[in-house]
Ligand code: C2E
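The chain below stands alone and is given in structure tokens; this is the form predicted on its own.
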């Protein structure tokens, strides 16, 4: 365990050191700059040495010996080599590893040659070894430091051994050699320490910034951060002509909770309430705590009052409920005021102030209330919020009904399939159709609960009809995109069928075309699992979205439904006739079942039959009927 801990610590230090070097030196532009600098320095140094040697020869009139001439040629040659190398760096600034290995080896090789050539005096080139080793390590990281140190030690040992310095002055050479071995380790340790210090400093800086901009109790943005976010969002809203809203929330009777249960209980309640708010807003919205029991929810890009109402309606789930604090539960309500930009203010402070004013108006009306500062928007948003609250009550009280529209097979108009369509038996407004509430249900996520109610009822009715001997009627149910992407959706559908002893082939699932396209991979996987179990998969409203023949072939689909918008004007509209004929041909070629919905006239029926479409649905045959009336129709037709 100790060895493992040491290894982990070593790896952490290595990572910290590498992070530091990467941060300072390892960007592509910085690497190229360092390489260019080294190349220019190499040209300048070698050219200067060669020039001085030539000047010395010229002024002293001393002819060059063979060794001196070779030294001069090596210096000039290396300077000349450095020129195309410099141009190479300019053309290809991103360095590859082997190029750096090459230049390290060449630098060390030339330095070793001059150390060898000048005998004991060549030890003056020791600084060149250190420059190559440490310079590469500091610029490019510990890996190159280690490579340069190993090569440099080997070259230095060979050079001093070759020129006799090792035998004539062993103490000096061994001391310098020891320096080559230890100096890289010293710089590596320095890099590690700098990395640790940099990491610790960055961590403390992040902690300080976080503490300065976030509430210590809940972790939410505090007033300082909220004002900055609000200023940026207001600037964007002014630039793009958008709306945003500020909801000011204050807990009712929070002081009594502190007095009765203690401040620790109040703190726990605030944490739970903050978590609830965060879980109920959109990803683009911001929840902040001003202090005490006051919270702000900043609603970004509220295009219409319905969006404001939808998000505020979601927040109602955090009010009028019990929160568990230790072994006790406390009932919590809140008062909420809403101000909307630009109607209620053009600055962050004005919006917060007006939302605060609206909140106090709500508090004066009783617990669990909200008010809009903008009176002009009050009626519309309040209507939206009331609809959402009514939806929640409707789900709890099971006010939703399932009606069934027959899907007939021609000739003979046999009923083998029906489509389940939801209706809301509202206690005050009577029977409501999907167009009156589906959008609100989708926005609040309540469509998932409604969808499961419809599925449960459809499966139960299918079993009932089968037990009455009315035939193997398959029920097709529309599935919302929210419902399809719910974790455990497939397992829940399976359990429903098992509970009601309903075979999967008796249940069809209808998915809209845009649902399939929104997340093709995830949707395809879910549908494949359902189809593998025996459920029938239909694509509803085919042709109204962004159709692609490619995904039609790859997706696990059993049949296509031709949308009513294409059927409505046939046979008089040549364009719609052509589209339907093409769809029928594609469906037959792909082996898919085809059904036309919205058939209302005998002319439409005749035209579709003539072109081979024998599955139809529409008012010509029957509207959507309650289960009892459908049973009577099935008995009569049987």
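Not measured: the values here are computed from a predicted model. Residue numbers count along the first chain shown, from 1.
The next section is about a form of this same protein that is not shown, the form predicted together with this ligand.
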Check 449, 497 and 558: does every one of them have a heavy atom within 4.5 Å of this ligand in the predicted bound form?
no
Contact residue in the predicted bound form, chosen from 426, 466, 564, 531 - any heavy atom within 4.5 Å of this ligand:
564
Select from the listed residues 480, 444, 111, 523 the one whose heavy atoms reach within 4.5 Å of this ligand in the predicted bound form.
480
With heavy atoms only and a cut-off of 4.5 Å, decide whether residue 434 touches this ligand in the predicted bound form.
yes
Contact of residue 293 with this ligand in the predicted bound form (heavy atom, 4.5 Å)
no
Using 4.5 Å between non-hydrogen atoms, is residue 571 touching this ligand in the predicted bound form?
no
Wondering, does residue 580 line up within 4.5 Å of this ligand in the predicted bound form on heavy atoms?
no
Interface stretch in the predicted bound form with this ligand - options 196-204, 143-151, 472-480, 224-232, non-hydrogen atom within 4.5 Å
472-480
